[in-house]
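Have a look below at one chain only, the form predicted alone, in structure tokens format.
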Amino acid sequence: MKRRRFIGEASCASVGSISALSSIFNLRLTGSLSAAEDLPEEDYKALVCVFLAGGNDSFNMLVPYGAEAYDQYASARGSLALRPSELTAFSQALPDGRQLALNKNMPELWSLYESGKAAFIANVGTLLEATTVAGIQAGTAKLPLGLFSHSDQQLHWQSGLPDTRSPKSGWGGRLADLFADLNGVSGVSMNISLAGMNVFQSSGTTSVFAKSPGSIPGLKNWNQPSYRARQSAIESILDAQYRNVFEKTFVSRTKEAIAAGEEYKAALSIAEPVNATFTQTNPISMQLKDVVEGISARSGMNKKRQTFFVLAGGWDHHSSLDPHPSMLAQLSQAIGEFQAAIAGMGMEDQVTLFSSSDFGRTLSPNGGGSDHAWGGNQFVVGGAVRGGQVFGEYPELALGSLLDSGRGRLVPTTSVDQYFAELALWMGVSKANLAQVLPNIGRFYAPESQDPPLGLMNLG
């Protein structure tokens, strides 16, 4: 039943009955419809998370360029500091007059920034509350669990819950729960991963549709004539009645997975062909190619909202930063190819790509590399981004600064909650429901405020 028709009929019915109340809760109207009530029927939006696993050394990605700020950076980073010739300056300075530059190995991302299609969020990280170095030294600051641990910080970035190691959902999963009524009936989840299962897209009621790049999920040879006898045998096993709850669950999930794979294949077969070039030797490009295909198949899967998860590993550069420039080049190339494909589809304003990573790195060297730290820089790309700007506070890159908690581990001045709240609001979550997606947002932003959390996205 269409949402408007349901609301119209429900207003004429007695909602005092047990059956009516049950229907309302089953349809999750208390949350999802209030989030989607102002969205036009033809509206579509997608979020694409590119997770840089290992902890990107982002202060060698986005770097001070002016004389005084660059000298502070070079002094703090020592042997890790990039030379000015290894940087490409932005044409516009920050509001405080400081000049920033991008690693020269990222020309595609630089061009997107200069054309107003990309922005950066400076010194962002996981926080339980606004934190100072003085509070840390006094032992009064509440800190995220496992602050410099890969597994803990990846969990916190993806769940938005830095005070627990056992989250029951990720913020993308909670987003999908809230939009359950907006998407149509489909066996394929709103949340599609190109890198296996992940916390970000999971929840108690939303599953992750995981696939490998360049493949379509399904049983090998399932619909081939030569496999017909085996297919019949497997179907008879799946259709049998089981008493054991684990056997029942396994059979149910297997049947759902087979059906979802077939539905995804069918949706791709009727989708508009993607006329874009992706570098086959670039693993990030190949994941993003599949994201574009998943977006093109949205109508066949009845989707008005989607999220995608892309994983790029290998960013834990303890002993040497030598691989870092080429990895940034690969990342930038993939993003440039992806954005060109989205623009070719006429969907720049409807698709937003954003980066995440475990944490930033120490300003001081760790041999030839850098160690685990805290605050770092991230980027967002898309037509709805208020591009050509750096949001948050770009820090002073000096050892012993007011934000240095030791060895150049900078205390974040922007929380991941503020960062992700902008993306959730852009997707259509109402301010009243923002805490359902990001439970800790009230510690950093008042949803009743007339101002946005950061001003990163065009929310009009």
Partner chain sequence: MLQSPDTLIDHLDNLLTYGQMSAVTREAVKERILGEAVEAEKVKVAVQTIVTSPEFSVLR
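Predicted, not measured: the structure shown is a model, and the values here were computed from it. Positions refer to the first chain, counted from 1.
What follows is about the form predicted in complex with its partner chain, which we do not show.
K.L.:
To test your reading of this chain, name the stretch in 157 to 165, 375 to 383, 229 to 237, 134 to 142 whose heavy atoms come within 4.5 Å of its partner chain in the predicted complex.
P.N.:
Contact criterion met by 229 to 237 only.
K.L.:
Considering only heavy atoms, tell me if Asn244 and its partner chain come within 4.5 Å of each other in the predicted complex.
P.N.:
Taking the distances in the predicted complex, the answer for Asn244 is yes, it comes within 4.5 Å of its partner chain.
K.L.:
Residue-level question: is Phe148 within 4.5 Å of its partner chain in the predicted complex, judged on heavy atoms?
P.N.:
Phe148: no, not in contact with its partner chain in the predicted complex.
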